[in-house]
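There is one chain below, alone, in structure tokens, taken in the form predicted alone.
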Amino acid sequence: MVGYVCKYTPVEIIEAFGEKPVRIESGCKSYERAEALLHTNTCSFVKGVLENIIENNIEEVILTSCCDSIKRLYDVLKERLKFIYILDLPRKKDTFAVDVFYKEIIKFIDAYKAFKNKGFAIENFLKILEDKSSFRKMQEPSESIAILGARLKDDVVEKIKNSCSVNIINFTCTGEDRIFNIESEDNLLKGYAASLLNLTPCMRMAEDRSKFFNKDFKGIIYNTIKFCDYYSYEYAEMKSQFNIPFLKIETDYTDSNSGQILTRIAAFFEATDIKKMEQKKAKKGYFAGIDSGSTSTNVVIIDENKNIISYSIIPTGPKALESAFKAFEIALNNAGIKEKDITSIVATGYGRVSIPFADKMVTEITCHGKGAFFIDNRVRTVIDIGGQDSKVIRLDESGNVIDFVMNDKCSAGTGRFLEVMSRTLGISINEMAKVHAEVKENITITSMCTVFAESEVISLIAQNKDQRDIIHALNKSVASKAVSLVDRIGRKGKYMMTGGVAKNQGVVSAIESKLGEKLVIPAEPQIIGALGAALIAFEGTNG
């Protein structure tokens, strides 16, 4: 088994030696072993690759000189593996570059022959190329979604393909079919080197990549690696060039944010109307929406005239399914109806996948947009701050979600942030929500991070600062985070704030101050997602 990471790797050469090439994945649960060998600031992709090499006891690895992090990985591995080789990969694909890469491949063959103590059969290599050349790409459907940027984990790509009705074209470094049509058999290896360099260029190659993607895509999903400026620059440049829906996601290749990534992708498909869904006509009766959030589980039941006949809000607790059953039962009792009277149920929120009695699952982004527009059809921007995340949703004149942004996986600027601070201050979250006036000193919390902000609060308490001034500073901090999300998609009123934090008058006032506009606050801001889910259940579609 020979591990590799780059699509320019001469995989067919490895196969011609009779060895099995294995693409090394980068997904992992933690970087515990990798960070014992690499600096913690090293690219998360490389740390993930190192974790998988260790985990799977891969003893032979071939790399390419993609970037400085890969070169550092080579330095770490060269004294630890039985065989490690790094190919000098050109950045261009002109005649000179082909000659350089051809010589690199020759050097690799010689090195591997010496290591394995066996020859390289050119006829085996030719047979492998001929077999791969016999495959032809299927004709692409007219509607396609492109995946660009950094490599996505295979399970995420598979879920993307299974959750939409259009073709998915994966332009990341792992998504392209390896099909070779080499005419110059008099120098097969040189033709092979040219074919490799003719693959769709990755971001490190010195070519304008945008010309390869100038297609009528339905949308583009662009994956960036956390703290990698190169991908962020290309994303910003492409977004300015392509007048089509873009979804930017960011990963560090651990499992910790996979749920949030899938939520963003699902919401993107819902917004671009390409999600697989069963169209069915609405029926008479009652319709329920269940919002299973990290802090609370909320249920709304509406009748066939879209009147809210009951709702319930209970803490989610450690078991999301039990909370969903309990909240549903309370809402049914409040409405005076039985479960058999409910025609359709739609689940939303982080725990939506854990509700087996729901007929459909829809992301909270679509549901909050639907519910907010139903309450007030003048609303164009929804600011939802929940217990675990915050999001800003842009609506068009018909109430459709046309753009959205979410916070990163940290809890900065969320309800959890305020809960931690209320415990630090020794008061309840309800008491804290009442404090929004009578400020004596305008204090500023400089850190967005919950952990560092808590340290600042402890320091302010030690300085005997007035508790109301500290709370005011915390409210400003949450407001700054929310308004920074608004600015990422552009300001456009009217604004509605939803989620439990909308009950905090101090945060509401701070956001209004920064936006220079009053917010629409629903009578019960925690049920807007569940209301949107109930409306979708009524309509029989997520449209």
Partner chain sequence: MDVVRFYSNIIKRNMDKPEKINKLINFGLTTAYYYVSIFKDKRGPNSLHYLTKYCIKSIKDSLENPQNSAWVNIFSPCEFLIALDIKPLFIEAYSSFMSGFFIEDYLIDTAESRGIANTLCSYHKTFIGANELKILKKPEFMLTTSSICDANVPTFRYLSKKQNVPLYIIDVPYKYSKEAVAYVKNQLIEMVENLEEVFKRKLDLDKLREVVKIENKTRTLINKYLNYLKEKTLLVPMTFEMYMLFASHIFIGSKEMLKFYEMLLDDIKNAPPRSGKSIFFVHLLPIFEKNFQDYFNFSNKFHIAGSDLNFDYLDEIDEKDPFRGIAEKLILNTFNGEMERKVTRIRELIEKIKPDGIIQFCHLGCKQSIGGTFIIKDLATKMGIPFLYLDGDCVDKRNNQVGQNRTRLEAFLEML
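The structure presented is a predicted model; accordingly, all values stated were derived computationally and were not measured. Residue numbers count along the first chain shown, from 1. Each form is matched to the other, and the largest set of C-alpha atoms that superpose within 1.5 Å is called the rigid core.
The same protein has a further form, the form predicted together with the partner chain, not shown here; the description that follows concerns it.
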Exercise. Looking at the partner chain in the predicted complex, do all three of 153, 196 and 261 come within 4.5 Å of it through at least one heavy atom?
Worked result: no
Exercise. Residue 71 near the partner chain in the predicted complex, any heavy atom under 4.5 Å?
Worked result: yes
Exercise. Should residue 90 be counted as a contact of the partner chain in the predicted complex, where contact means heavy atoms within 4.5 Å?
Worked result: yes
Exercise. Are any of the heavy atoms in residue 313 no more than 4.5 Å from a heavy atom of the partner chain in the predicted complex?
Worked result: no
Problem set entry | in the predicted complex, residue 432 touching the partner chain (heavy atom, 4.5 Å) | no
For this session: Could you spot which one of 325, 120, 115, 227 gets a heavy atom to within 4.5 Å of the partner chain in the predicted complex?
Result: 227
Exercise. Only one of 480, 65, 52, 509 has a non-hydrogen atom within 4.5 angstroms of the partner chain in the predicted complex; which is it?
Worked result: 65
Problem set entry | Heavy atom contact within 4.5 Å of the partner chain in the predicted complex, the stretch among 388-396, 235-243, 356-364, 294-302 | 235-243
Seminar exercise, completed: Taking the partner chain in the predicted complex and a 4.5 Å non-hydrogen atom cutoff, the residues of 93-110 making contact are 94, 96, 97, 99, 100, 103, 104, 107
Problem set entry | Core-superposed comparison between this form and the one not shown, residue 339 Cα displacement 2 Å or beyond | no
Exercise. With both forms fit on the core, has residue 227 moved 2 Å or more by CA between this form and the one not shown?
Worked result: yes
